[in-house]
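Only one chain is shown below, in structure tokens, and it's the form predicted on its own.
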Amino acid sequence: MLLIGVNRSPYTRRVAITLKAYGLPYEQSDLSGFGNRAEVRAANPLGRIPALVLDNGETLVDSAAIIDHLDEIVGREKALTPPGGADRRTVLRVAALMMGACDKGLHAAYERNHHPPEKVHQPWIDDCMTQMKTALAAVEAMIEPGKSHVVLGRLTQADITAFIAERLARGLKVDTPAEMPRLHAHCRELLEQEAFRSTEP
């Protein structure tokens, strides 16, 4: 399999961590949605990363769709998203909050970095960052002191998405050690695991 995208993207890194956690072999093409638009569009007409080219030549796009396929490969009982019931809903809820936090953080960054200064709308940036912080705080509240995972007592997509969202938030100058200390500490612990450490951008 070929993963297209740079791990600076939280969406690409989510897929890379999942591939590593599952022990699935893959190669990676470090293409950026901004710097390598034409090459990325050859794999994904939207020009967005990540894309995953399967061994049969089929290309999957969107991190959630890619991960759904990876879950199918390893089997639903081994998947990092439980196959059904309350456990599945719990993990999906955290993943939705954390991927939404990434969306909002990147919206704020794009507003700041890709508009002329006179056209930057600071209230929109502030609102996006508030939404990001509120989502992070909601997941922070789920982490029980002394517990090694966000939910269910094992590694799930809740942990992976919390990790990439917290990492992005720090990159956007959110003081997670002060504002979300349990989440920050949990992410530091995750970084000791090979799947997280080896995908550092």
Ligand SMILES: N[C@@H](CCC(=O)N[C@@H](CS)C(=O)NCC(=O)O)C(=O)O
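Since the model is a prediction, treat every value here as computed from it, not as a measurement. When you see a residue number, it is the position in the sequence shown, counting from 1.
Below, we turn to the form predicted together with the named molecule, even though it does not appear here.
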Proximity to the named molecule in the model of the complex, single hit among 169, 160, 49, 150 (heavy atom within 4.5 Å):
49
Thinking of the named molecule in the model of the complex, which stretch from 136 to 144, 152 to 160, 169 to 177, 59 to 67 has heavy atoms inside 4.5 Å of it?
59 to 67
Taking heavy atoms and a 4.5 Å cut-off, does residue 18 contact the named molecule in the model of the complex?
no
With the partner left out here, check for me: in the model of the complex, does some heavy atom of residue 110 sit within 4.5 Å of the named molecule?
yes
Within 4.5 Å, heavy atoms only: does residue 74 come near the named molecule in the model of the complex?
no
Residue 129: touches the named molecule in the model of the complex, heavy atom cutoff 4.5 angstroms
no
Even though the chain is shown alone, can you say which residues of 94 to 114 have a heavy atom within 4.5 Å of the named molecule in the model of the complex?
99, 106, 110
